[in-house]
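A lone chain, given as structure tokens: the form predicted alone.
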Amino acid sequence: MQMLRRPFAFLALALPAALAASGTAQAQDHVGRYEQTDIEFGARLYNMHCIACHGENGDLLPEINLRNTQFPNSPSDRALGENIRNGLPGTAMVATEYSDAEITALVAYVRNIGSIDLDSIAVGDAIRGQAIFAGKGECSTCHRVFGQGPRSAPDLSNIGALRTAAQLERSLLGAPGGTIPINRPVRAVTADGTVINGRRLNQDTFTVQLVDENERLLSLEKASLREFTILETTEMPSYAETLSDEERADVLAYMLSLKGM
């Protein structure tokens, strides 16, 4: 079996192949419901972990045809994800240790397996991505990974388990929604007029904990502040122009590989 070559862009029981025609129609209903990057990441995971049993087209096993997109045991995406994670008793489908981001990707791909053009998918390389992350992309000048690097931006050591492929791609492109609310920069002004710019770590009704520009960990009482503002802009640059599609795919592959120690 040839690996997918061409940015990234379980499994549950399906009805027999006789329902393929209606299944294809259902596949079209799913188009647009799933983000392309998640589908493409799911295709990569499928090719790595699922293809040996289910085949390239999802129809290798008797009585299981993923291309039909009709799963009696998985009436919803949540149910399908739970079956991928927990397995199906009495079948060869065993429990897995996929992260939430991987479950999202696999569900997206399985729901579209009959309508996706595999030849249009490019697979990023995590090793090349790590080199770009530390070099041309200059990501390591802000982000910390496995204890190495500054704390001025979010620690990415576990980012591959926390964010989906589509969310990470939006961050790389500087697209709306690329920065989650807790990671938005903040500006605080104390009673004596001292201005503190930083990144929130935690916040409750009375206090906010942050890392300031000098990487100091601070806990501030909101009642003592003259001003506290969550900024709408972010210092996260867009790599839409500075990195090629292939380079962004490689960086994305690297970030998706970061799942903690």
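A residue's number is simply how far along the shown sequence it sits, counting from 1. All values derive from a computational prediction rather than experimental measurement.
Below: the form predicted in complex with heme C (HEC), not depicted.
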I'd like to know if C142 sits close to heme C (HEC) in the predicted bound form, meaning any non-hydrogen atom pair within 4.5 angstroms.
yes
How about I39: is it within 4.5 Å of heme C (HEC) in the predicted bound form, going by heavy atoms?
no
So, in the predicted bound form, is L256 in contact with heme C (HEC) at a 4.5 angstroms heavy atom limit?
no
Interface membership of A165, heme C (HEC) in the predicted bound form, 4.5 Å heavy atom rule
no
Just give me the single entry in D100, E138, D77, D125 that has a non-hydrogen atom within 4.5 angstroms of heme C (HEC) in the predicted bound form.
E138
Quick one: which of 52-60, 201-209, 188-196, 215-223 gets within 4.5 Å of heme C (HEC) in the predicted bound form, going by heavy atoms?
52-60
Along 227-258, which positions have a non-hydrogen atom within 4.5 Å of heme C (HEC) in the predicted bound form?
T233, T234, E235, M236, P237, Y239, L243, V251, M255
